[in-house]
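Presented below, as structure tokens, is a lone chain in the form predicted on its own.
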Amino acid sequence: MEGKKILISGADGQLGKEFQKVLAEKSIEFFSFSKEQMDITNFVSVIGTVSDVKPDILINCAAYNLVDEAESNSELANEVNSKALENLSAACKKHNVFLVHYSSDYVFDGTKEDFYNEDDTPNPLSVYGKSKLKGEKIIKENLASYLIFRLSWVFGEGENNLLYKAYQSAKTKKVLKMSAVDVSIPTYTEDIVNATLLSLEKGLKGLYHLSSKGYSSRYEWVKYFMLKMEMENIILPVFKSEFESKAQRPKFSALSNNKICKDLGIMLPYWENAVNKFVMACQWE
């Protein structure tokens, strides 16, 4: 990564914030832009920023991740998760910039009853999942080389993740109800950033699944987190029918990380160990 210049879009999100933190620690040159500074749905904004910065690598952390809201706001979800990739791909192609993009486990329908690998056929159930899959296809159609990472249940610094919301609820509620039905893999932003940077150093290209090891329901995830936070709330497992949900979610969308671990020569942590690191770094009040 020495001598490389990185441009980060979606700087205000939890993944964008983690990239800025890690890159600063590693003294890697980077430029980060929020939606207001670089709107990826606006081609003029994208091409102007890329032309000015002249990065070697563009890491797109911008995304529309409101899964339920996407059902009634499909136009915005598709603008950000799909059509914006035409702008990013065009700008990267024109200025010879390597594009890194993040997709989702929700491109699968959850019927496999096993870990999904990169060769499995996607079949998204929701507007959100469909928009993420379209984004992948746009990149593949427009660029010869790129990195696409499919992620699952991302958590890190910020308020847009289940652990933060559960922690806030636990301050006023003794009992928290969590779905014990949907299963995937909680994945920590720090691990995503480190694996991404190592992938760039080693020259990886193409599509990879990037997740922790193991698997978990939301109930198991939050229960473990609360235990590590030494909070005495009661966490009850319930069917997801108890929650109002507009979007259909896959029942088992756990991603196999065997390919990336093999190509990088590393072992990604189990999700419990990732939560342990997160708790140690937590500065919530």
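The first residue of the sequence shown is number 1, and the count goes up from there. What you see is a predicted model; the values in this text were computed from it and never measured.
The same protein has a further form, the form predicted in complex with a small molecule, not shown here; the description that follows concerns it.
A.B. asks: Among 116-124, 199-207, 145-153, 174-182, mark the stretch whose residues have heavy atoms within 4.5 Å of the small molecule in the model of the complex.
C.D. replies: Of the options given, it is 145-153.
A.B. asks: Hey, in the model of the complex, does Y167 get a heavy atom within 4.5 angstroms of the small molecule?
C.D. replies: Contact check for Y167: no, nothing within 4.5 Å of the small molecule in the model of the complex.
A.B. asks: So, T41 and the small molecule: in the model of the complex, are they within 4.5 Å at any heavy atom pair?
C.D. replies: Yes - in the model of the complex, heavy atoms of T41 and the small molecule come within 4.5 Å of each other.
A.B. asks: Look up in the model of the complex whether E272 has a non-hydrogen atom within 4.5 angstroms of the small molecule, and give yes or no.
C.D. replies: E272: no, not in contact with the small molecule in the model of the complex.
A.B. asks: Can any non-hydrogen atom of V97 be found within 4.5 angstroms of the small molecule in the model of the complex?
C.D. replies: Output for V97 is no: heavy atoms all beyond 4.5 Å of the small molecule.
A.B. asks: Taking the small molecule in the model of the complex as the reference, which of A70, A254, L58, A62 has a non-hydrogen atom within 4.5 Å?
C.D. replies: Exactly one residue meets the criterion: A62.
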